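Okay, here we've got a single chain as structure tokens, the form predicted on its own, with questions on binding and movement later.
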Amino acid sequence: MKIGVFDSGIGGLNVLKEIMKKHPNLECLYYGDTLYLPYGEKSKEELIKLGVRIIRFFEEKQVDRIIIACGTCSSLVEEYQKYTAIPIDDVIGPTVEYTKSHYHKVALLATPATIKNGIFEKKLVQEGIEVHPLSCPGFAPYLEGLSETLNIEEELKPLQSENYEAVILGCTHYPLLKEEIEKTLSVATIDMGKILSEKINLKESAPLLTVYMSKVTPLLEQNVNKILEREILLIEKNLPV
């Protein structure tokens, strides 16, 4: 089975890594749209336009399944599915199901676009979960090397006076800050990639990984190798918008 996984940058590699742990014998294509990151500050129309071109790329590569390894784009999974017959999985649905079974009161950390969209929060509330959402505009740009500093305590300050059972890392970049977030808020985190890897059923074939990025830099190469814990040859592939 061949799967296509995409995100705006390196965040989705956390999802891919968990999937590969659970299903080691898969042919995986990864596309990180590093030329157009961060996605978390883009409009719905921009996100659909950017995502559809990646879906078309995966169609050309004849993948059997597409996985949106991006919290922001996952909130638009129903829109993306209109453009292809290939089944699309997202990280939000399984996370909502998991949270419903384990918690009653959670905080949600996500990008500005995800918080503005409100789909994630709405689905949680529909399941009877008390949710306190917080936009974290500085997280993803810092992790992608677009900004040099990040004050996590300041970003999370609005949540520090409340007691939560858990904190949902609503962007796939955020597990890279897991230890700092848990230390600051003194609460366990929910990793969407781990949940999806446990939930999804994939037919294994032969192990093969190909990683595409719309823009490759030395820092990006270092970060990719660090996350996947091995050296990966990145292929620069800029898809037309």
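These figures come from a predicted structure and were not determined experimentally. When you see a residue number, it is the position in the sequence shown, counting from 1.
Not on display, but discussed next: the form predicted in complex with a small molecule.
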Q) If contact means any heavy atom within 4.5 Å, which of 121 to 129, 82 to 90, 97 to 105, 68 to 76 contacts the small molecule in the predicted bound form? A) 68 to 76
Q) Given that the partner is absent here, does residue 213 sit within 4.5 Å of the small molecule in the predicted bound form, heavy atoms only? A) no
**Q.** Proximity of residue 58 to the small molecule in the predicted bound form, heavy atoms at 4.5 Å
**A.** no
Q) Would residue 140 show up as a contact with the small molecule in the predicted bound form if we use heavy atoms at 4.5 Å? A) yes
(Q) I'd like to check something about residue 168: if you look in the predicted bound form, is any of its heavy atoms closer than or equal to 4.5 Å to a heavy atom of the small molecule? (A) no
Q.
Only one of 37, 29, 190, 181 gets a heavy atom within 4.5 Å of the small molecule in the predicted bound form. Which one?
A. 37
